[in-house]
Structures are given as structure tokens and as C-alpha cells.
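In C-alpha cells, one chain follows: the form predicted alone.
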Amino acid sequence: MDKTIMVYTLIITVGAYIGSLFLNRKVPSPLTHPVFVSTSLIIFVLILSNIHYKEYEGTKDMLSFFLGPATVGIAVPLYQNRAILFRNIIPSFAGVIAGSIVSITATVLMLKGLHLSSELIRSMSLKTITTPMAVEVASIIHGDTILTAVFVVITGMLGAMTGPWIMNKMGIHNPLSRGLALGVQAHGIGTAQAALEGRLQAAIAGVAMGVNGIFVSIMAPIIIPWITK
């Protein structure tokens, strides 16, 4: 890969995210969410610069490398807030499981009502678990892995954009509840949003994302083929 392009795209990526954070602080709104604004801006600049996605992969891989340490870093606030999690472990796990089941069932029933293809329904039903898990499960249940990845990213982005706003409107301010909701419905991007709200929210969202992913990965190959017949 051309080092000049790599440096250029790295500057664009980091600059777009920092700029979007500044915009969101100045104009708080679901439409000014940093992930949404920065993603849109990066795509726009890459198109204008005539840079193909393949040329951007080096920058993407470099930034993705830091996701590992960042994910492990969630263990710190989780350990610090372990007493709160243990006190609420039963309702927390019940909430995660209920959220997983409702999300899958509602998605499948809605799409069946629209008479969409079985492959599309299976691909979209995995939208609330993180991409690596979703793609693997999609191949097992005969979904389209590319469509699944797209739906996962869109779901995470929309969840992070609108989730906090909806919970504020509904008067849901409990850190535990907010973390669970963001982790279950918006996986990695939701966990990043939860981290912006607080350490407890980040810890709970991380646990919720993991438990939700494991549960759906186990149950989806059993439930989805049956309810999509």
C-alpha cells in the first residue's frame, strides 16, 4: 500500500472523528452522533479523492488493531463495578436474554409480514450481535454474510445514535439499564457510546454485548430456521 495514501486516510479518519466529537458537543443530536458524522464524512472524502476501499484497508487494519486493547480495557471498569453487577446479576441476565429473543422474533415476524425472502430474513435477524459472531452464524443458518455485516453495522450505528435520546425521552437514567440496552441492541458501537456516558455504563454494556452474542450464537441456528419456514 502507498504510504502517502495511508497517512492521508489516517489523517482524514482521525480528523473526521475529532471534528465530529466537537460538532456533537456543540450541537447535541442523534443526527450529529460522532460515528454517523465521521463515517459519512470519511466516505464522502474517499469518494472525492478517488480512493478505493482496498486502498483504505491498511488504515482500517491499523485502527482495528487497537480494538483489542480497548476491548480488554473494559475489564477495568467492570472489575471496579463488579459489586453492582453481582447485586443485579439475575435481572441483568434476564434483561439480556429477553432483549435477544424479542429482537430476533420481532425482526423475523416483521420481515415475514413484508414477504421478504428467507435469505434476507435470516441475514437481518442477526443484526444485534457483533460482526465477527454474526458473520459466522449467518453462514451456519444460510444467510448472506455480506448483508449480515451491513445490517449489523447499520443497527449499531442507529442504536448508538437514537438509543440515548430515546432513553432520555422515556426517563431511563439508571446507568445499569442504559448500559444493558446499548450493549444488547447496539453491540460494539453501543458499548463505545456507553463509555462516553460513564465507566459503569461501559462495563455493563460490554458484559451485555458478550452475553447477548453468546446466547444468540447458540440459539439462532436452532430458532431462526424454524421460525423462518
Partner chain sequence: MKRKVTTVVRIAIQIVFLYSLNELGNFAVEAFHLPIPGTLIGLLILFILLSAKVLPLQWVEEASSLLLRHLSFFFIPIAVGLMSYGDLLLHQGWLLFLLILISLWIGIYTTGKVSQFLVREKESNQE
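Positions refer to the first chain, counted from 1. What you see is a predicted model; the values in this text were computed from it and never measured. Note that the rigid core is defined as the largest set of C-alphas that superpose within 1.5 Å between two forms.
The discussion below concerns the form predicted together with its partner chain, not included here.
Although the partner is absent from this view, residue 139 stays clear of its partner chain in the predicted complex, with no non-hydrogen atom inside 4.5 angstroms. Heavy atoms of residue 38 reach within 4.5 Å of its partner chain in the predicted complex, making it an interface residue. Of the heavy atoms in residue 122, none are within 4.5 Å of its partner chain in the predicted complex. Interface residue remark: residue 49 is not counted as part of the site for its partner chain in the predicted complex, having no heavy atom within 4.5 Å. For the partner-free chain shown, 176, 177, 180, 181, 184, 185, 187, 188, 189, 191, 192 of 175-197 come within 4.5 angstroms of its partner chain in the predicted complex, judged by any non-hydrogen atom. Relative to the superposed core, residue 9 shifts its CA atom by 2 Å or more between the shown form and the other one. Once you line up the core between the shown form and the other one, the Cα of residue 78 ends up 2 Å or more from where it was. The Cα-Cα distance between residue 144 and residue 56 is shortened by 3 Å or more in the predicted complex relative to the form shown here.
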